[in-house]
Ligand code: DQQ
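So this first bit is one chain, no partners, the form predicted alone, shown in structure tokens.
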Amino acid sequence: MSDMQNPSQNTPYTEHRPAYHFLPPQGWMNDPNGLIHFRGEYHLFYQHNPEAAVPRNIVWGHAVSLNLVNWRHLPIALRPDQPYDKDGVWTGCMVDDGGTPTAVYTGVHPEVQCIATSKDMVRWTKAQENPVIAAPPPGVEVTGFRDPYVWRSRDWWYAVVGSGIKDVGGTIFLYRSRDLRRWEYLEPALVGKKEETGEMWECPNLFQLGRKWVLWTSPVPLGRVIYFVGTFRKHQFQPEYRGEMDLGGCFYAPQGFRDARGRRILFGWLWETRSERMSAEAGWAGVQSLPRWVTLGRDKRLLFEPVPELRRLRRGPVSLSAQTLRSGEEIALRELSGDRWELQVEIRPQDAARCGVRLYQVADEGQMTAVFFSQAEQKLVVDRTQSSRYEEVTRDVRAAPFSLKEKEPLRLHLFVDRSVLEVYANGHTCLTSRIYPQGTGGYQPRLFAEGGNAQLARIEGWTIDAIW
């Protein structure tokens, strides 16, 4: 295994570096870019500074996988080496133009849209026509103009560019082209309200899912991801439902793509919630989420689940029999202690005010993170107020609205990967957080109930292999 694939372990905060989530060997990483399933391989490009764990001198990093799980690092794809992208090669997407992989990205400064092509997915050539969209629409004062997302419909390519109209709200501007090089501006496909959905919409994705259309975006300054489900006709997107993609406080800028099996899969950037000093000493910052399979529920709500390919990493299954979770007591799954594991729990809350899982740091139980359903407040909660003894990390409570139908159990699906905690609940609610306990040894999960009893119906867990 090359040094590029197996970064040095002799760095500070090694216990926080994820082992089965994707991240580059070193340096900074943020948005996923250019996701595509091309000729049997999954390609992940990403915003990257290979020199330091700070967001400067941004290039497109690149990795490839056959299974969405095990990744091989490839050379940097795009660098800021032209007048139109001299200050950074920013976020964009990838399309297959009749067999030619084509990256569509934002160059800065100013923010302009550009393309680059490749014959082998390794060496890239920037188009002579760049920038292919040289300015925002005339007569509009914008708060940003970046992150193009492109798709094909019959004889036309369409693109939405993330933006915002000053003093109005976030927006997506719609364009079309025959050849990806000459673009015609059409109109705003959707304009939001500043006070509700932010002043600028970053990283928009607009696509058809079943009989509906979906738009998701990352609004500035809200620092989270919202989505709309509705219709798209005559260049206008009409929302019928609005939801939150992940309220764990660490998930941003997701990008999705359709693979050869027809699945809509996304990755999102998991940012750090530790100090810049800690990241600089560690030598890395930023992680990609696990790949999530997105489908549409009958109630127009998006449904999320980890892709089944991740099961290949499972080792040493453990389980507990069904039993009562008595108020104020804990049931430990001792065989699962460690820093890389997956856990599936099914609980019937009965009269418990709260029920869920606590993650205790193995060597220091004073460091604990709780994941639970508050039946009294109708919320799903990640409480990391006691998650670390480091003063330079965020320790707070994150919650999402959450309710159960009559006789519906609470189904929690947790992935722990050192400093990453991904929580899926009942297929539709996600909370992704970062936790940085002091010391090694990982975590031990314990089931609990408070303010009443609950029924533990099912619990299964696995140790998870590293992917490098």
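The shown structure was predicted, so the numbers you read here are calculated from the model rather than taken from an experiment. Position 1 is the first residue in the sequence shown; the rest follow in order.
What comes next is about the form predicted together with 2,5-dideoxy-2,5-imino-D-mannitol (DQQ), which does not appear here.
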query: Contact check for Thr91, Arg146 and Cys203 against 2,5-dideoxy-2,5-imino-D-mannitol (DQQ) in the model of the complex, heavy atom at 4.5 Å; finding: yes
query: Region of this chain that lies against 2,5-dideoxy-2,5-imino-D-mannitol (DQQ) in the model of the complex, out of 258-266, 348-356, 283-291, 245-253 [heavy atom, 4.5 Å]; finding: 245-253
query: is_contact(Asn426, 2,5-dideoxy-2,5-imino-D-mannitol (DQQ)) in the model of the complex, heavy atom dist at most 4.5 Å; finding: no
query: is_contact(Asn30, 2,5-dideoxy-2,5-imino-D-mannitol (DQQ)) in the model of the complex, heavy atom dist at most 4.5 Å; finding: yes
query: Partner contact for Gln26 in the model of the complex: 2,5-dideoxy-2,5-imino-D-mannitol (DQQ), 4.5 angstroms, heavy atom; finding: no
query: Contact label in the model of the complex: Asn49 to 2,5-dideoxy-2,5-imino-D-mannitol (DQQ), heavy atom within 4.5 Å; finding: no
